[in-house]
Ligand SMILES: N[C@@H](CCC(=O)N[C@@H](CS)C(=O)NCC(=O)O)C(=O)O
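In the form predicted alone, a lone chain appears below as structure tokens.
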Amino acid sequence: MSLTFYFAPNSTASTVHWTLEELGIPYETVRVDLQNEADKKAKLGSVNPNLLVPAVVHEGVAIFESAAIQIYLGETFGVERGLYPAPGPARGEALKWLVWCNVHLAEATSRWQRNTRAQIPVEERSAAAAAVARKDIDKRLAIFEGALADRPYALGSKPSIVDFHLGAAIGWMAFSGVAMEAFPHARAWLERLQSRPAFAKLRSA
């Protein structure tokens, strides 16, 4: 098997990185400097036309977009390892949360980041837009908080690729200053996930 993972530290590639470590499958890595246009073009030009990470190449086929990669890894390797549901209603729920994370949660997070990051020129930031985005993040987190009210993980009693995907995204938000006190179920869920050995490997990448 040949699987190559294109990543950058402290980026959205952490979602896929976590899954790869949990799956325990062999893979090679290509580290990309996202601040260097020449490096991005040289390493990602034939893999992802968007010049973004994450991306994987499996058996010669390039796959980009983190949710698409997670779905592919789940279907290809995760079912037999108990980390992704077999086809059926549970698979539908997994797909629901993966897409929700990348569409709704990430959209609000992107707006918040766009208007709060020090790297963005002050004249291009809006405190009002940041406040609206922050409220939208809380609305999204409240949805996930409700889903965890009767279960320890996104799909039930055991962790899955859905948890690793959401855990990387929400963990980054918490690290960036999004308070989790109003979401005790999600906070406890995140603590459980971050105690896993695979998470420690992410932090040392």
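Here the structure is a predicted model, which is why all the values come from computation and not from measurement. Residue numbers run from 1 along the displayed sequence.
Missing here is the form predicted in complex with this ligand; even so, the following discussion is about that form.
Site residues Q70, G74 and S160 are none of them in contact with this ligand in the model of the complex, judged by any heavy atom within 4.5 Å. Looking at 152 to 160, 58 to 66, 22 to 30, 133 to 141, the stretch with residues near this ligand in the model of the complex, meaning non-hydrogen atoms within 4.5 angstroms, turns out to be 58 to 66. A residue is said to contact a partner when one of its heavy atoms sits within 4.5 Å of a partner heavy atom; P54 meets this definition for this ligand in the model of the complex. A residue is said to contact a partner when one of its heavy atoms sits within 4.5 Å of a partner heavy atom; N102 meets this definition for this ligand in the model of the complex.
Proximity of L34 to this ligand in the model of the complex: non-hydrogen atoms within 4.5 Å are present. At least one heavy atom of K40 is located within 4.5 Å of this ligand in the model of the complex. In the model of the complex, S11, T12 are the residues of 8 to 29 with at least one heavy atom within 4.5 Å of this ligand, listed from first to last.
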